[in-house]
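Before any questions on how it binds or moves, here is one chain, the form predicted on its own, in structure tokens.
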Amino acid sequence: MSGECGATVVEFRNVSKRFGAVSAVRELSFAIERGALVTLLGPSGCGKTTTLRLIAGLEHADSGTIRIGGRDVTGLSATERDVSMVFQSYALFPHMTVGENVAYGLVVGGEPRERVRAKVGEVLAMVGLEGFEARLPSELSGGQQQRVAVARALVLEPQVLLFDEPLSNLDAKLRRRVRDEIRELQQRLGLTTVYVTHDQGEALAVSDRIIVMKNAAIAQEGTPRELYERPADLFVADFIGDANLVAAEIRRLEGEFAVVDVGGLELALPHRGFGAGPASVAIRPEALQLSTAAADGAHIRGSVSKAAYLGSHMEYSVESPLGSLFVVDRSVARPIRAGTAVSIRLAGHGVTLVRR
């Protein structure tokens, strides 16, 4: 299933798809390398699921070119493309056993019985379901059903494995475990994988690269770290993790840095191609540091309006000259009560100039 690393497996060139008067995707161009897990991320209606279905051949492009494994598949049906999809609903046959579900594609394809049995056993062992062949889907947990769906896709040895919101039917704790299992399996087998989700944390956790979509087009693509630390604009900054978006003023440029006034605080930030003048800054919630002690040095005054305990951290809403700020504080031993005056400092990370 794995192959030579670095080669492009999936390529979109100026692909567009309309449903009536609505553009589902517009002039989409991107490339996915062999062995990479790339996530299509965005809000509902942004075009990510349509893009996945275009790869699968379940939808056909109105214009542009789609290539898989170097072959132009733009006009080919789903059965003529070397891809497998794991659906959001799992789509298991309830009257078939686990073994029969996994074997289905091979049986329909006319594979010999002994080869089918061997391959089914092999992939069930890969996903940790060895010995489950005779069980029915109704006898499995949600996480186990998810693994059967993955095994059914893997047994066909596709060039590309597609996941459509694969964790949406699972509870929070199970989501994290199955997410990690999918990522471990993908890396171990070197699977080229396209993964669709609207969950930013899920995307950050599993992806080699993320393609953020907005209004049927690509807003930004890059590694999870690039998108989190260097968002291209306010939309990406706010969608990839929470961000406080505040007005600022670039006073001057000094080499690679801009000297920026943020609520009276002077910061040196990478200028990212911006010139002097009004600007916007994205501040991550964990980059805001609160103190109730008498403050010295550079700080902003504020007042806590809401405080919430979430076990591993506190979440605060703080009113300030910058507006209402959302703050995440890992210190839970001495929470700050609502109504308390605080000084606000900015950490040396998590503050970024972004396009307005």
Partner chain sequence: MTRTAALWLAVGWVGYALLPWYAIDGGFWGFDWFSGYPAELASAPGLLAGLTQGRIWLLPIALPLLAPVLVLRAERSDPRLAAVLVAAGALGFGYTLLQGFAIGLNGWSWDSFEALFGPLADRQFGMGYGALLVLAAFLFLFSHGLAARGLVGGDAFVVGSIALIVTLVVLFIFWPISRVLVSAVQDNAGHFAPALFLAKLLHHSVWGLDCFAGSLTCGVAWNSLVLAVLTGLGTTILGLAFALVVTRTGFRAKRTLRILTVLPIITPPFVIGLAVILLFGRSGAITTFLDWAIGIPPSRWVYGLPGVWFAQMLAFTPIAFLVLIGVAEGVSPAMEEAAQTLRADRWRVFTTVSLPLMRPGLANAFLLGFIESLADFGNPMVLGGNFDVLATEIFFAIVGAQHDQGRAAVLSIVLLAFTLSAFYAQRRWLGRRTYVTLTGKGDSGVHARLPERLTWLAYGLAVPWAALTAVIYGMIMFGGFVELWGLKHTLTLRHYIEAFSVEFTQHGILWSGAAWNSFWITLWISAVSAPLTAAVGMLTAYVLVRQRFAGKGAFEFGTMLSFAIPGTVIGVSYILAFNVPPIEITGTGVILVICFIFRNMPVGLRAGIAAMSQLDRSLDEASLTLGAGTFTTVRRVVLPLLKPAMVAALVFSFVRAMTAISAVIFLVSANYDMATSYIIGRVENGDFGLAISYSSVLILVMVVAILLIQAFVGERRLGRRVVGEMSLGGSAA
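Positions refer to the first chain, counted from 1. As the structure is a prediction and not an experimental result, all values here were calculated from the model. Think of the rigid core as the biggest set of C-alphas that the two forms share within 1.5 Å after superposition.
Heads up, the form predicted together with the partner chain isn't pictured, but that's what we're talking about next.
In the predicted complex, Leu156 approaches the partner chain with a heavy atom inside 4.5 Å. Although the partner is absent here, Pro94 lies within 4.5 Å of the partner chain in the predicted complex, judged by heavy atoms.
A residue is said to contact a partner when one of its heavy atoms sits within 4.5 Å of a partner heavy atom; Glu59 meets this definition for the partner chain in the predicted complex. The closest heavy atom approach of Phe257 to the partner chain in the predicted complex falls outside 4.5 Å. Exactly one of the stretches 78-86, 237-245, 277-285, 178-186 approaches the partner chain in the predicted complex with heavy atoms within 4.5 Å, and it is 78-86.
In the predicted complex, every residue of the candidate spot (Arg53, Gly99 and Tyr104) has a heavy atom lying within 4.5 Å of the partner chain. When you look in the predicted complex, the only residue of Ala205, Ala217, Ala134, Leu174 with a non-hydrogen atom within 4.5 Å of the partner chain is Ala134. For the options Ile250, Leu269, Val116, Met126, the residue carrying a heavy atom within 4.5 angstroms of the partner chain in the predicted complex is Val116.
Residues of 24-43 are not found to place any heavy atom within 4.5 Å of the partner chain in the predicted complex. With a cut-off of 2 Å and the rigid core superposed, Ser280 has a Cα displacement that falls short of the cut-off between this form and the one not shown. Relative to the superposed rigid core, the position of the CA of Gln220 differs between this form and the one not shown by less than 2 Å. Phe93 is among the residues whose C-alpha shifts by 2 Å or more between this form and the one not shown once the rigid core is aligned.
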